[in-house]
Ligand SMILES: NC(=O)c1ccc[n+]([C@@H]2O[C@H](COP(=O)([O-])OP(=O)(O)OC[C@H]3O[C@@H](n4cnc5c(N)ncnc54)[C@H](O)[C@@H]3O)[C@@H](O)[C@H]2O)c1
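Single chain ahead, by itself, as structure tokens, in the form predicted alone.
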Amino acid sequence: MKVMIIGCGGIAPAHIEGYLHAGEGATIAFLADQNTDRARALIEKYGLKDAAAIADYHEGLGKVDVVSICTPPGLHREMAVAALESGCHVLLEKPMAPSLAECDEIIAAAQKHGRLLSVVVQSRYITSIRNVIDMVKSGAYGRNLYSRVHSVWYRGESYYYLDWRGRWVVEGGGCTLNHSIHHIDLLLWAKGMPASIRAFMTNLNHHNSQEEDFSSALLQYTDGSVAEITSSLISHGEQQQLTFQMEKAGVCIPFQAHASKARDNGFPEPDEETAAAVRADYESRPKLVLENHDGQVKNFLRAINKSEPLIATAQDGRNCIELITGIYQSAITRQEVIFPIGPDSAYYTSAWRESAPHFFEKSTEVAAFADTTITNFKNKF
């Protein structure tokens, strides 16, 4: 299979390395970027002797089998639909698209042309995360009563100097959309879509951004269970955690296991036997050979070849956007949002971003950073 990667910014190296490490016979044929110097620099860095740098991705369509899209989210719909219509399978960086309407257009194109479409959620391909989620979904420890997502990151003021960041109509949103989407996907993987949501958002310390740098949401499910999502860009140390409190035990990512039993008066004492069993269950589960983007690219290529099922589907990507849209709708309207959000909703398209509240206005811009190194999940879980 021949591959084209569109967009040669900070996330492109993860895709390049994924195809190089996957071992599924894929060859990178094109790196497409309006700044062809960036494309040529990556070709040289990775020794991609069979790859060409092109400014217009359309030149590569019809000449490749697979397209990885690593551009800002506002460009995803146009590029993904064009690639699918040309007969390519598409691996689309998160977030899938800024709106549910655009997500549905992309999915419709994939279905019409019979191509495989996957949205990047590389955290599903981390052994420690996958094994905890599998334990939660197994039901072995009872019903999942309460889940908490603590998706906390640190970004300095200069993060929003990049010209396309910090603008509702270009970037699509702040930390909720572009950072917490990883953890939100894991919550959806473990629990599925909630019935309703209430949310709040603000901008605490990023004065070059119209968007939020903090949000908090409370989710309720049809079975009566609840979940909580906190997103931020002001958290020193980035101490991220997902917690799942089940009837018999509680588990966390990064992995921890706790179990309590009640004394006669209802107060707790440690249930060491159950906690030890939970830890043994975790330790006994298999380890992935390839993790992060490497693991997802390999699964994507193997799914194209029909040798294994696709773990991260287009619907998974859409579900993330629906939940995030619900957070924004509730935070802006200050009302509870009931799912699903359909085409009759004012929040189904991106039109609401035109009148979204501006916490601050953009005053400093650069077209690109010289340092494109980014934070990733490696060694965090």
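One rule holds for the numbers: they count along the sequence shown, beginning at 1. Here the structure is a predicted model, which is why all the values come from computation and not from measurement.
Quick note: we don't show the form predicted in complex with this ligand, though the next part is all about it.
Taken together, the three residues Ile6, Gln34 and Cys70 all lie with some non-hydrogen atom within 4.5 angstroms of this ligand in the predicted complex. The closest non-hydrogen atom of Cys175 lies beyond 4.5 Å of this ligand in the predicted complex. Contact annotation: Gly295 falls outside 4.5 Å of this ligand in the predicted complex, judged by heavy atom distances. Proximity of Gln210 to this ligand in the predicted complex: non-hydrogen atoms within 4.5 Å are absent; the residue sits far from the partner.
Residue contact check for Met79: one or more of its heavy atoms lie within 4.5 Å of this ligand in the predicted complex. The stretch among 119 to 127, 273 to 281, 200 to 208, 232 to 240 whose residues place heavy atoms within 4.5 Å of this ligand in the predicted complex is 119 to 127. For the options Ile107, Leu218, Leu288, Leu75, the one in contact with this ligand in the predicted complex, meaning a heavy atom within 4.5 Å, is Leu75. Taking this ligand as positioned in the predicted complex, the residues of 150 to 164 that bring a heavy atom within 4.5 Å of it are, in sequence order, Leu162, Trp164.
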